[in-house]
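As structure tokens, one chain now follows by itself in the form predicted on its own.
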Amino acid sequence: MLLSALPTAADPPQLLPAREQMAFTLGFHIILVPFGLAFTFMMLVCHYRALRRGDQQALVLAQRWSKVAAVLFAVGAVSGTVLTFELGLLWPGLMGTYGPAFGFPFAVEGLFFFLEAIFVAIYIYGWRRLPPWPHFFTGVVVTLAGVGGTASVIAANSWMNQPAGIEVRNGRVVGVVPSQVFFNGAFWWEMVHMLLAAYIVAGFMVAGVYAWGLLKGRRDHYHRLGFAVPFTVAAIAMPLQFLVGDTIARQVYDREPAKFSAIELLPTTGDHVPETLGGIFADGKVRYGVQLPDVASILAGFTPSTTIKGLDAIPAAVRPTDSAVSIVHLAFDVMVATASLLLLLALWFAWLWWRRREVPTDRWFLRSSAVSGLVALVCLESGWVVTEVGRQPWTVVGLLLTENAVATQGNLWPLFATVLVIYACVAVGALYVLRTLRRRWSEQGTEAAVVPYGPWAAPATNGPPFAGGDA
């Protein structure tokens, strides 16, 4: 019975390796998105503070974070490029038929990518070569380009969930309205959801590094600021994410009933639907879950009499498998549970700050903060699983089944193995570079020493802070 809830071999045979490879590469790439999107914003907060207040340690943080951001941007560029090739190689049915619509947001994303790459280089190069404020605004372009690029990718993804702006005749796309494709019905909320998720993940992960330093007794201004800036950003985004997530859940209830029934682990249509915590879906029945009476109906429509479509309302030919339903449901539970823990941590931080007006140094708070980044990462990956697996068996809901989108060539497992090796090498290389940077910075301390490589801007002793170019 339990075996029926596990992923099984798929038909056609290349479907399973194609899905596994796409899941792996997307799961890898999405870890880097928060750093390109939100980490650069935190870097600019420190940079702005340095320019406005003459805060030397804020400038040290901004410069060091810019180098970390550049390393992660390079890794993200590699993994994102691989994803682009995989779309054509693994899913010719999607790109061949719906490329004119699906490919449009990616074309826009390419423009933002090049803009971001150019200004990342200028920002890094400009530390000792540009006047302070023009240099700062090159970083603003980096952040805005990251937002634009992410919006473009979310547009493509949300279009697969709620396709719009195309006319299909005889299986061919004959008309595309780019604005409707890009700003489809699911775009705005998915975009805001991903934006907030990026700020939460990057905020807690970066803050966790400095929380560890504070636990080790490094209570100087550098470490307090390195903790306070990213943690404050994440703490502000966390309650907003709950409001946005709740709104998206109601939209999914209205427009994506198959995904919603999988989230709620609901086999039959009805009202007074309980909220099932945990459990799996096997042989058409719910197993082992804990049920809270009427809660799902109340959350969906504010009354116990709200009717929710179950899996029996989905035609059998396009009904998600038991394993897909179980994965979506459990991923949703993990997402909500981890997000709730992070919200409690954010409220804890707010309470301590309100009482003391300083960075909290309670050991249990710092221990919790040190692991908050990993918890946020689990939350992000779980949410991604809900979105992507919840769409199955469709690649484009209502238009293209995944089994019809997959490649027709032979065994794809060797290709997947090659991708695993390449990504492992890239990950090890990136970690080695980051570790080398950390060791070098640890040896330097946080004073305004001349770094072995890269530019530096020392504060002026007279006149406006950080005026001029070279130190």
Partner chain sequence: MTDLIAVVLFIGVIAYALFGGADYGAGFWDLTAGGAARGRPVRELVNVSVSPVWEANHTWLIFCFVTIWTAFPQAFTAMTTTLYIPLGLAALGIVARGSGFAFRHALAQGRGELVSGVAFACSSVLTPFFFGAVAGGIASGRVPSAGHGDALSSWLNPTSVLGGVLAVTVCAYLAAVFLTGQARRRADTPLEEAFRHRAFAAGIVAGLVALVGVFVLRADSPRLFHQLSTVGAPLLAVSGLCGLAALLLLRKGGPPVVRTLAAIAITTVVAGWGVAQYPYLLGTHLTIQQAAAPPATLWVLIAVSFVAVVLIVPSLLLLYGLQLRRKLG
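Computed from a predicted model, the values in this text were never measured in an experiment. Numbering follows the first chain given and starts at 1.
There is also a form predicted in complex with its partner chain; it is not shown, and the following applies to it.
Looking at its partner chain in the predicted complex, residues Phe119, Arg128 and Val433 each place a heavy atom within 4.5 Å of it. With a 4.5 Å cutoff on heavy atoms, Phe349 does not count as touching its partner chain in the predicted complex; it lies far away. At least one heavy atom of Ala77 is located within 4.5 Å of its partner chain in the predicted complex. Mapping the unseen interface onto this chain, Trp133 falls outside it, with no heavy atom inside 4.5 Å of its partner chain in the predicted complex.
Although the partner is absent here, Val176 lies within 4.5 Å of its partner chain in the predicted complex, judged by heavy atoms. Proximity to its partner chain in the predicted complex, defined as a heavy atom within 4.5 Å, singles out one entry of Val318, Leu111, Val371, Ile236, which is Leu111. Among the residues Gly99, Pro293, Gly270, Gly278, the one placing a heavy atom within 4.5 Å of its partner chain in the predicted complex is Gly99. Stretch 168-176 is the answer when you ask which of 353-361, 298-306, 168-176, 244-252 has residues with heavy atoms within 4.5 Å of its partner chain in the predicted complex. For the partner-free chain shown, nothing in 228-267 comes within 4.5 angstroms of its partner chain in the predicted complex, judged by any non-hydrogen atom.
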